[in-house]
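Before any questions on how it binds or moves, here is one chain, the form predicted alone, in C-alpha coordinates.
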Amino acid sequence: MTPVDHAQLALHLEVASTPKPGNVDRHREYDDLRFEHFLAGAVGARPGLRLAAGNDGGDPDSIPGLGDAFERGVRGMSQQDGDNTQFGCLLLLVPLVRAATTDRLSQSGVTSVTAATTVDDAAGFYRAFEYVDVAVDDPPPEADALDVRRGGDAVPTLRERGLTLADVMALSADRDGNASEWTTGFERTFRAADRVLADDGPITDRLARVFLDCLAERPDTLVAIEHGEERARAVSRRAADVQGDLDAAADLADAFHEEGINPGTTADLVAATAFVALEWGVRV
(Lines give C-alpha, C1' and ligand atoms only; values in the text may rest on other atoms or scores of the structure.)
Protein backbone atom coordinates (compact mmCIF):
# COMPACT_ATOMS: atom_id res chain seq x y z
CA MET A 1 0.00 0.00 0.00
CA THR A 2 1.06 3.59 -0.62
CA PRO A 3 1.11 6.33 2.02
CA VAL A 4 -2.18 7.61 0.59
CA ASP A 5 -3.74 4.15 1.02
CA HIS A 6 -2.44 3.98 4.59
CA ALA A 7 -3.78 7.46 5.38
CA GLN A 8 -7.28 6.60 4.19
CA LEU A 9 -7.12 3.28 6.02
CA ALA A 10 -5.96 5.10 9.17
CA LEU A 11 -9.08 7.28 9.04
CA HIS A 12 -11.23 4.16 8.76
CA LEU A 13 -9.38 2.36 11.55
CA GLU A 14 -9.69 5.34 13.88
CA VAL A 15 -13.48 5.36 13.71
CA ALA A 16 -13.68 1.54 13.71
CA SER A 17 -11.67 1.23 16.91
CA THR A 18 -13.80 0.72 19.99
CA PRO A 19 -14.32 1.70 22.69
CA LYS A 20 -12.92 5.22 22.43
CA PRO A 21 -14.95 6.89 25.18
CA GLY A 22 -16.88 9.88 23.89
CA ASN A 23 -16.17 9.37 20.21
CA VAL A 24 -18.19 7.91 17.38
CA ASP A 25 -17.08 4.33 16.77
CA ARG A 26 -18.57 1.23 15.21
CA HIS A 27 -20.80 0.70 18.28
CA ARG A 28 -21.70 4.28 19.24
CA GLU A 29 -22.93 7.26 17.27
CA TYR A 30 -25.20 10.28 17.48
CA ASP A 31 -28.37 11.10 15.60
CA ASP A 32 -26.59 13.76 13.52
CA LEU A 33 -23.10 12.26 13.45
CA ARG A 34 -22.91 8.61 12.48
CA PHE A 35 -20.30 5.97 11.74
CA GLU A 36 -21.15 6.12 8.04
CA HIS A 37 -20.33 9.85 7.93
CA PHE A 38 -16.76 9.10 8.97
CA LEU A 39 -16.40 6.40 6.35
CA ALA A 40 -17.66 8.78 3.67
CA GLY A 41 -15.46 11.58 4.98
CA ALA A 42 -12.35 9.41 4.67
CA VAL A 43 -13.18 8.58 1.06
CA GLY A 44 -13.88 12.23 0.26
CA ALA A 45 -10.55 13.28 1.78
CA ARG A 46 -8.51 11.05 -0.53
CA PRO A 47 -7.88 13.66 -3.27
CA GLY A 48 -6.34 15.92 -0.66
CA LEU A 49 -4.20 13.08 0.65
CA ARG A 50 -3.00 12.46 -2.91
CA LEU A 51 -1.95 16.09 -3.13
CA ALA A 52 -0.11 15.68 0.16
CA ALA A 53 1.82 12.79 -1.40
CA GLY A 54 3.00 15.02 -4.26
CA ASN A 55 2.08 15.22 -7.90
CA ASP A 56 2.23 11.59 -9.05
CA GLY A 57 5.59 11.81 -10.72
CA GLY A 58 5.26 15.26 -12.30
CA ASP A 59 7.65 18.18 -12.15
CA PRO A 60 9.26 18.21 -8.66
CA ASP A 61 9.04 22.01 -8.69
CA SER A 62 5.25 21.88 -8.97
CA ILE A 63 4.52 19.68 -5.97
CA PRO A 64 1.33 21.01 -4.30
CA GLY A 65 1.71 22.88 -1.04
CA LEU A 66 0.50 21.38 2.21
CA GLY A 67 -2.12 24.11 2.53
CA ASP A 68 -3.65 23.21 -0.84
CA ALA A 69 -3.59 19.52 0.10
CA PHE A 70 -5.27 20.22 3.42
CA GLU A 71 -7.93 22.48 1.93
CA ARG A 72 -8.71 19.91 -0.77
CA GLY A 73 -8.91 17.13 1.81
CA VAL A 74 -11.29 19.09 4.01
CA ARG A 75 -13.44 20.09 1.04
CA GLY A 76 -13.79 16.45 0.03
CA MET A 77 -14.32 15.30 3.60
CA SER A 78 -17.14 17.78 4.02
CA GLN A 79 -19.24 16.20 1.25
CA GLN A 80 -21.30 14.07 3.61
CA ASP A 81 -24.17 14.80 5.95
CA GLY A 82 -22.19 14.80 9.21
CA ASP A 83 -20.36 18.13 8.59
CA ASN A 84 -16.94 18.01 10.32
CA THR A 85 -15.79 14.43 10.76
CA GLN A 86 -11.99 14.53 10.32
CA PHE A 87 -10.71 18.11 10.11
CA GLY A 88 -8.14 17.62 12.88
CA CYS A 89 -7.13 14.19 11.60
CA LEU A 90 -6.29 15.68 8.21
CA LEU A 91 -4.28 18.49 9.79
CA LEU A 92 -2.02 15.81 11.24
CA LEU A 93 -2.08 13.39 8.33
CA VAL A 94 -1.18 15.82 5.55
CA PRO A 95 2.40 16.54 6.73
CA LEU A 96 2.88 12.91 7.76
CA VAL A 97 1.89 11.70 4.29
CA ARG A 98 4.30 14.20 2.72
CA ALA A 99 7.08 12.98 5.02
CA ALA A 100 6.34 9.32 4.28
CA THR A 101 6.31 9.96 0.54
CA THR A 102 9.78 11.49 0.73
CA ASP A 103 11.16 8.65 2.92
CA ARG A 104 11.37 10.91 5.95
CA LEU A 105 8.72 9.48 8.26
CA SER A 106 10.47 10.37 11.49
CA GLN A 107 10.32 13.26 13.91
CA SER A 108 13.16 15.05 12.17
CA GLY A 109 11.67 14.28 8.76
CA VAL A 110 8.22 15.64 9.50
CA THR A 111 9.79 18.67 11.20
CA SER A 112 11.58 19.41 7.93
CA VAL A 113 8.25 19.16 6.12
CA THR A 114 6.40 21.53 8.46
CA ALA A 115 9.32 23.98 8.59
CA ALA A 116 9.13 24.33 4.81
CA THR A 117 5.53 25.56 4.82
CA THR A 118 4.70 28.95 3.31
CA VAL A 119 2.26 31.81 3.63
CA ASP A 120 0.25 30.19 0.82
CA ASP A 121 -0.01 27.06 2.97
CA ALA A 122 -1.36 29.16 5.83
CA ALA A 123 -3.91 30.67 3.45
CA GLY A 124 -5.10 27.20 2.43
CA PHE A 125 -5.45 26.24 6.07
CA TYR A 126 -7.64 29.26 6.77
CA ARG A 127 -9.80 28.70 3.69
CA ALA A 128 -10.49 25.13 4.87
CA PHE A 129 -12.53 26.57 7.75
CA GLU A 130 -15.13 27.73 5.25
CA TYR A 131 -16.25 24.17 4.50
CA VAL A 132 -17.17 22.90 7.97
CA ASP A 133 -17.88 24.12 11.48
CA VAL A 134 -14.82 23.58 13.69
CA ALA A 135 -14.86 24.04 17.45
CA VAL A 136 -12.03 26.43 18.30
CA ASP A 137 -11.20 28.60 21.27
CA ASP A 138 -11.46 32.37 21.09
CA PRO A 139 -8.12 33.96 20.18
CA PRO A 140 -6.48 36.57 22.39
CA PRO A 141 -7.78 40.11 21.66
CA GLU A 142 -4.51 41.07 19.98
CA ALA A 143 -4.90 38.13 17.56
CA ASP A 144 -8.52 38.76 16.57
CA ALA A 145 -7.54 39.44 12.95
CA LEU A 146 -6.09 35.93 12.83
CA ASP A 147 -9.16 34.15 14.18
CA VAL A 148 -9.40 31.01 12.04
CA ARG A 149 -13.17 31.40 11.94
CA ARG A 150 -12.59 34.33 9.58
CA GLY A 151 -11.59 31.81 6.94
CA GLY A 152 -10.31 33.43 3.75
CA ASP A 153 -11.00 36.90 5.13
CA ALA A 154 -7.91 36.50 7.33
CA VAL A 155 -5.59 35.81 4.38
CA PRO A 156 -4.62 39.50 3.82
CA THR A 157 -3.45 39.64 7.44
CA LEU A 158 -1.43 36.46 6.98
CA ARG A 159 0.26 37.94 3.92
CA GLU A 160 0.85 41.29 5.60
CA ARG A 161 2.57 39.60 8.52
CA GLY A 162 4.33 36.94 6.44
CA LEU A 163 2.99 34.09 8.55
CA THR A 164 3.60 30.55 7.31
CA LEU A 165 1.47 27.59 8.30
CA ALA A 166 4.18 26.55 10.78
CA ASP A 167 4.00 30.06 12.28
CA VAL A 168 0.22 29.79 12.63
CA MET A 169 0.55 26.44 14.40
CA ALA A 170 3.15 27.91 16.77
CA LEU A 171 0.70 30.65 17.78
CA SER A 172 -1.75 28.01 19.07
CA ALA A 173 0.61 25.31 20.29
CA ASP A 174 0.16 26.05 23.99
CA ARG A 175 -3.63 25.61 23.83
CA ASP A 176 -4.29 23.21 20.97
CA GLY A 177 -3.18 19.57 20.90
CA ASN A 178 -2.92 19.32 17.13
CA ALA A 179 -0.92 22.54 16.80
CA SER A 180 1.36 21.22 19.52
CA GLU A 181 2.11 18.16 17.40
CA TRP A 182 3.20 20.41 14.57
CA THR A 183 5.65 22.25 16.82
CA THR A 184 7.14 19.19 18.54
CA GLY A 185 7.89 16.97 15.55
CA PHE A 186 4.72 14.95 16.21
CA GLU A 187 6.26 13.66 19.42
CA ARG A 188 3.08 12.15 20.86
CA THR A 189 2.14 10.56 17.54
CA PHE A 190 5.42 8.70 17.17
CA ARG A 191 5.45 7.67 20.83
CA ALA A 192 1.92 6.29 20.52
CA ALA A 193 2.85 4.43 17.31
CA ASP A 194 5.67 2.73 19.22
CA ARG A 195 3.07 1.53 21.73
CA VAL A 196 0.87 0.14 18.97
CA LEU A 197 3.82 -1.78 17.54
CA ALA A 198 4.68 -3.18 20.98
CA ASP A 199 1.07 -4.27 21.59
CA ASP A 200 -0.64 -7.28 20.01
CA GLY A 201 -4.08 -8.34 18.88
CA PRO A 202 -6.38 -6.60 16.38
CA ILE A 203 -5.18 -3.13 15.50
CA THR A 204 -8.58 -1.68 16.41
CA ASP A 205 -8.10 -2.95 19.97
CA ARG A 206 -4.56 -1.59 20.06
CA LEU A 207 -5.76 1.82 18.90
CA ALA A 208 -8.54 1.81 21.52
CA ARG A 209 -5.95 1.14 24.21
CA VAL A 210 -3.58 3.83 22.94
CA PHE A 211 -6.53 6.26 22.86
CA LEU A 212 -7.01 5.69 26.59
CA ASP A 213 -3.28 6.13 27.19
CA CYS A 214 -3.17 9.42 25.30
CA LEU A 215 -6.34 10.78 26.90
CA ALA A 216 -5.05 9.87 30.36
CA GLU A 217 -1.72 11.60 29.69
CA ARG A 218 -3.06 14.97 28.57
CA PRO A 219 -6.43 16.77 28.76
CA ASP A 220 -8.22 16.90 25.43
CA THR A 221 -8.36 20.25 23.62
CA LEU A 222 -11.91 19.80 22.34
CA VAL A 223 -13.22 18.84 25.77
CA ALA A 224 -11.53 21.92 27.24
CA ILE A 225 -13.12 24.17 24.60
CA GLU A 226 -16.59 22.72 25.09
CA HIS A 227 -16.59 22.07 28.84
CA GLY A 228 -13.67 23.95 30.42
CA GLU A 229 -10.17 23.06 31.57
CA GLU A 230 -11.18 21.48 34.88
CA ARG A 231 -13.68 19.17 33.20
CA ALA A 232 -11.02 18.20 30.66
CA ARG A 233 -8.63 17.28 33.47
CA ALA A 234 -11.36 15.23 35.14
CA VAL A 235 -11.99 13.38 31.87
CA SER A 236 -8.31 12.48 31.71
CA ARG A 237 -8.41 11.15 35.26
CA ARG A 238 -11.42 8.99 34.39
CA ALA A 239 -9.57 7.63 31.35
CA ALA A 240 -6.57 6.80 33.55
CA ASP A 241 -8.84 4.75 35.82
CA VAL A 242 -9.69 2.34 32.96
CA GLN A 243 -6.38 2.27 31.06
CA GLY A 244 -5.80 -1.10 29.44
CA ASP A 245 -9.26 -2.43 30.37
CA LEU A 246 -11.48 -2.25 27.30
CA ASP A 247 -14.48 -3.69 29.18
CA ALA A 248 -14.32 -0.88 31.72
CA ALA A 249 -13.67 1.57 28.91
CA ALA A 250 -16.95 0.49 27.29
CA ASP A 251 -18.82 1.57 30.42
CA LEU A 252 -16.93 4.88 30.37
CA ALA A 253 -17.83 5.30 26.71
CA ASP A 254 -21.51 4.99 27.57
CA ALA A 255 -21.11 7.55 30.35
CA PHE A 256 -19.26 10.06 28.16
CA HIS A 257 -21.85 9.60 25.45
CA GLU A 258 -24.64 10.49 27.88
CA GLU A 259 -22.67 13.48 29.23
CA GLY A 260 -21.82 14.87 25.79
CA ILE A 261 -18.09 14.47 26.35
CA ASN A 262 -16.19 14.15 23.06
CA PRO A 263 -12.36 13.91 23.26
CA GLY A 264 -12.06 14.61 19.55
CA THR A 265 -8.50 15.95 19.58
CA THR A 266 -7.31 12.67 21.08
CA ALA A 267 -9.14 10.85 18.28
CA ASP A 268 -7.19 12.99 15.78
CA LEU A 269 -3.99 11.81 17.42
CA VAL A 270 -5.13 8.19 17.12
CA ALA A 271 -5.68 8.58 13.36
CA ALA A 272 -2.15 9.96 12.98
CA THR A 273 -0.85 7.14 15.17
CA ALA A 274 -2.59 4.54 13.02
CA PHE A 275 -0.97 5.99 9.90
CA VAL A 276 2.54 5.86 11.36
CA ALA A 277 1.98 2.32 12.67
CA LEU A 278 0.79 1.17 9.24
CA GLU A 279 3.78 2.78 7.55
CA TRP A 280 6.04 1.06 10.08
CA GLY A 281 4.68 -2.35 9.20
CA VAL A 282 1.61 -3.12 11.31
CA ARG A 283 -0.55 -5.32 9.10
CA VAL A 284 -4.31 -5.43 8.82
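Heads up: residue numbers just count along the shown sequence, starting at 1. Keep in mind that what you see is a predicted model, and the values were worked out from it rather than measured.
Separately, the form predicted together with a further copy of the same chain exists; it is not shown, and the next lines address it.
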Of the residues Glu160, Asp81, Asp138, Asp103, which one places a heavy atom within 4.5 Å of a further copy of the same chain in the predicted bound form?
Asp81
Name the residue from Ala224, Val242, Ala40, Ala216 that puts a heavy atom within 4.5 Å of a further copy of the same chain in the predicted bound form.
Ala40
Answer yes if any heavy atom of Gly65 is within 4.5 Å of a heavy atom of a further copy of the same chain in the predicted bound form; otherwise answer no.
no
Even though a further copy of the same chain is not shown here, does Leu9 get within 4.5 Å of it in the predicted bound form, heavy atoms only?
yes
Check whether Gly44 has any heavy atom within 4.5 Å of a heavy atom of a further copy of the same chain in the predicted bound form, and answer yes or no.
yes
Check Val196 for me: does it contact a further copy of the same chain in the predicted bound form (non-hydrogen atoms, 4.5 angstroms)?
no
Determine which one of 165-173, 120-128, 202-210, 186-194 lies within 4.5 Å of a further copy of the same chain in the predicted bound form, judging by heavy atom distances; exactly one does.
202-210
Could you list which residues of 2-32 come within 4.5 Å of a further copy of the same chain in the predicted bound form, counting heavy atoms only?
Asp5, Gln8, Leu9, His12, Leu13, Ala16, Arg26, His27, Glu29
